[in-house]
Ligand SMILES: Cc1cc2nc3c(=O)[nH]c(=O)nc-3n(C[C@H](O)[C@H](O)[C@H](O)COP(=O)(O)OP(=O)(O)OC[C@H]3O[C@@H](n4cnc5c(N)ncnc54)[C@H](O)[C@@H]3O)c2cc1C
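Just one chain is shown here, as structure tokens, and it is the form predicted on its own.
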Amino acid sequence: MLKIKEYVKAESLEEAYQLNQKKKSCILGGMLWLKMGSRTIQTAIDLSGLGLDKIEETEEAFSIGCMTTLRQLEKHEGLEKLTQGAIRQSVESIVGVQFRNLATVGGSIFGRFGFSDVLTCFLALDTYVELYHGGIIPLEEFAAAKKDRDILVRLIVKKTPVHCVYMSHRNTRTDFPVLTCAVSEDGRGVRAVVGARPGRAVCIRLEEDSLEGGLDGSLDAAAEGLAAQVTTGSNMRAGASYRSVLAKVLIRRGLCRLLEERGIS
């Protein structure tokens, strides 16, 4: 059972940050995973009054507030166009529409959950996080760091031209994923992101700078090389060896789809 002793609707990020420095304080977010646990929260901090529930677009980037819901991501036309539907595909199997209307981007990203479809997909893009105290840093650096008591204000997704593919494997449609995988190519090269290992998502890169030439006709070798860099483990959904095989399969499918989009056979 979740017990909350004091509820505070923050009037500023500074107030929220100061309250959150106490160990028994907690940012609520969408409060969907939080309520499934059994704990006592001394001070529950609500950010819903700070205008952080919007997706704003500029010429250079999309700015996604931490209180933006997964449903907003799913329906956003600009993100759909930038990622060829990858953002939508990464969230559409998360429980159901009612859940996605409440679950927040900030909760998914800050939690660094191993099962997070959202973290996997954004790692494949040119993404940064804005922290209230820590400033703006690459999402990949943030995802690898230890949790602290800072506040994630927003995600910043640069409009770097990208080809992106998102896939996941689930035992049942709306269950937690057995494995998540995003493969992308942009100005920084080709990368594959694998999550639900069952650990948090990791990003690995091809030695080749691009997919020109069809990876020398060796998709299997490229996929095997990338998958070999992914450490997998076992849990109730799948064993480590199965996940390792699945990683190779999904990475190969992702590379193949990128080649098809580029018109490379």
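Heads up: residue numbers just count along the shown sequence, starting at 1. Predicted, not measured: the structure shown is a model, and the values here were computed from it.
The next section is about a form of this same protein that is not shown, the form predicted in complex with the ligand.
Although the partner is absent here, residue 222 lies well away from the ligand in the predicted complex, with no heavy atom inside 4.5 Å. Although the partner is absent here, residue 170 lies within 4.5 Å of the ligand in the predicted complex, judged by heavy atoms. Heavy atoms of residue 147 reach within 4.5 Å of the ligand in the predicted complex, making it an interface residue. By the criterion of a heavy atom within 4.5 Å, residue 122 is excluded from the residues contacting the ligand in the predicted complex. Note on the interface: of 110-118, 77-85, 186-194, 155-163, the segment with non-hydrogen atoms within 4.5 angstroms of the ligand in the predicted complex is 110-118. With the partner omitted from this view, the residue of 55, 238, 28, 230 that lies near the ligand in the predicted complex is 28 [heavy atom within 4.5 Å]. Residues 66, 70 of 54-77 are found to place at least one heavy atom within 4.5 Å of the ligand in the predicted complex.
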